[in-house]
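Have a look below at one chain only, the form predicted on its own, in structure tokens format.
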């Protein structure tokens, strides 16, 4: 069986969990892990196809309770070819809502056969305090245990006939909408990061990590395309030059940090 780790991971949380699971599977089942990182825009221009001898650990983050909608056109182009898949989503300590069941459905529609699934917690994209540092050592230990149980399932050949059942609803619920305390929607769709010229040293790291290719490499203060609020630019900037100052965005960020400060649990499904 050929093992693959395939993921979109703007800030590295999804990458960490997917690769941990894939590496443990490799240790138990044999074979090297081939990595497919489709975070960079150019990586989503390639064609990906798999076959019945492949096992793919497939990860995306959860944005607003769903698979990021900007990824849907690409995800629908992947040819599963009967490969086995382990869908994994990372959520920022609030809830993964229908993100995992949506990813399972997308992979099944692509021709994969989902045999296990998981939702792990990662530091929220907006925040440095909400689920700070996660996935941490305890999370990765859970990921390794999950991988061992997948390997055992494959070795015994039991429970492989039907797609894995995961938590979520069908039909899928709408994307999570932040609201103020009066119940009015907080719209942050058009919000983009700003740059403090006094702090920017022109290193270009923000443009390099933007998964949408939206930061102009010739002028790092210009976000020429859409911003999905992954915050990779802000979290990667070594001088703290990138920031958000939109009142709605800051309100939503603060409400998340106040309302979901408890340690959320990971969930695995076999």
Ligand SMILES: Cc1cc2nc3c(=O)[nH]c(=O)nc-3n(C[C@H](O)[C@H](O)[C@H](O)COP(=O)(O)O)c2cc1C
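Positions refer to the first chain, counted from 1. Here the structure is a predicted model, which is why all the values come from computation and not from measurement.
One more form of this protein should be noted, the form predicted together with this ligand, which is absent from this view; the next part is about it.
In the model of the complex, none of the heavy atoms of residue 192 sits within 4.5 Å of a heavy atom of this ligand. Taking non-hydrogen atoms only, residue 63 approaches this ligand to within 4.5 angstroms in the model of the complex. The shortest heavy atom separation between residue 117 and this ligand in the model of the complex exceeds 4.5 Å. Mapping the unseen interface onto this chain, residue 228 counts among the residues with a heavy atom inside 4.5 Å of this ligand in the model of the complex. Candidate site formed by 12, 95 and 122: every one of these residues places a non-hydrogen atom within 4.5 angstroms of this ligand in the model of the complex. The stretch from 69 to 77, 83 to 91, 192 to 200, 162 to 170 that comes within 4.5 Å of this ligand in the model of the complex, counting heavy atoms only, is 83 to 91.
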